[in-house]
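As structure tokens, one chain now follows by itself in the form predicted alone.
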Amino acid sequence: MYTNGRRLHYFVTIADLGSLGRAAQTLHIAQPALSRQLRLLEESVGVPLLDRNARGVTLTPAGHSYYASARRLLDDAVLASARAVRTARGEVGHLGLGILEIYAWHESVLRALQTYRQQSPGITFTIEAMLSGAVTQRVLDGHIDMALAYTGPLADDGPLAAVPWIEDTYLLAVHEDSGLSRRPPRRLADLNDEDFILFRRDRSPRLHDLLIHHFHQHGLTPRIVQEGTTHYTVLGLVAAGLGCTVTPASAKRRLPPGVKLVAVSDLDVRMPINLVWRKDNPSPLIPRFVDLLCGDRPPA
């Protein structure tokens, strides 16, 4: 393949200059050696490509046809090499990113995406919004490259690498016309008689169990009457007046109409959100995005 590519380059240079002598000087190769390479190329093609005459060389009809294809192949090779270098530098390619949906509007996420796109217009993104458990599984299965998610502690010998991003807290979400809005509860145990809404456990078991354990520690056994699949579907049910829920404080960036966030003294859930990816994912886009979103913090 290398030899064929070199002979194509020789042939195109000879055709462009119209002279074996000038082509040999340009290519820094002895003229007899260049003539031999041209002859070998014509033998492999099976027809003459150039007419030799006193004024130099001209393309035969077959040579004209072959020249167009040869030029296109050489140009494509140059473009392919340039694209490979840009890909290795993380300047072109595609990044699949999964996010807890409440963080899709976070200013640092938006800034990282905008900066990456401005610096590297050849980058495209796919953004998937879902809860931590589901989006982390998408990374593990290789369907997306990275995720912002609550993962809990990760095993050192596990498949995931992680960098801390933010630590979120939780607030009570109520309908603005509800009794809980007019008379906010002082502690979680005051919610025992209230209709409660929560996301389904199968969407993020680790996060679901973290919340339920915290409730039980503080005297709340939630009466779950409605379930959603994401934080925002749960907040939508709150907006419909069907009950209350707890939600990350970052949800305040985009609340459904009619939903109000209330602080409860013993609702003290700390949720560290990590940027995670598979250790065996070779994409050069990953370290660039880690740097843009998380700075110089080392992987966990």
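Quick caveat: nothing in here was measured; it's all calculated off a predicted structure. C-alpha atoms forming the largest set that superposes within 1.5 Å between two forms make up the rigid core. The first residue of the shown sequence is 1; numbering continues from there.
FYI, the form predicted together with a further copy of the same chain isn't displayed, but the following is about it.
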- Note on the structure: Students should find that, of E107, D177, E167, D76, the residue having a non-hydrogen atom no more than 4.5 angstroms from a further copy of the same chain in the model of the complex is D76
- Note on the structure: Assert contact residue (a further copy of the same chain, in the model of the complex, non-hydrogen atom within 4.5 Å, options R72, R223, R182, R186) equals R72
- Message: Taking a further copy of the same chain in the model of the complex, would T124, G219 and M271 all count as contacting it (heavy atom within 4.5 Å)?
- Response: no
- Query: Thinking of a further copy of the same chain in the model of the complex, which stretch from 32 to 40, 261 to 269, 56 to 64, 237 to 245 has heavy atoms inside 4.5 Å of it?
  - Reply: 56 to 64
- Using heavy atoms and a 4.5 Å limit, would one call P284 a contact residue for a further copy of the same chain in the model of the complex? yes
- Is there a non-hydrogen atom of S81 within 4.5 angstroms of a non-hydrogen atom of a further copy of the same chain in the model of the complex? yes
- Message: in the model of the complex, does L255 come within 4.5 Å of a further copy of the same chain, counting heavy atoms only?
- Response: no
- is_contact(A249, a further copy of the same chain) in the model of the complex, heavy atom dist at most 4.5 Å: no
- Query: Is the C-alpha displacement of I273 equal to or greater than 2 Å between this form and the one not shown once the rigid core has been superposed?
  - Reply: no
- Item | Core-superposed C-alpha of E167 shifting 2 Å or more between this form and the one not shown | no
- Message: So, superposing on the core, is the move of Y10 at the CA at least 2 angstroms between this form and the one not shown?
- Response: yes
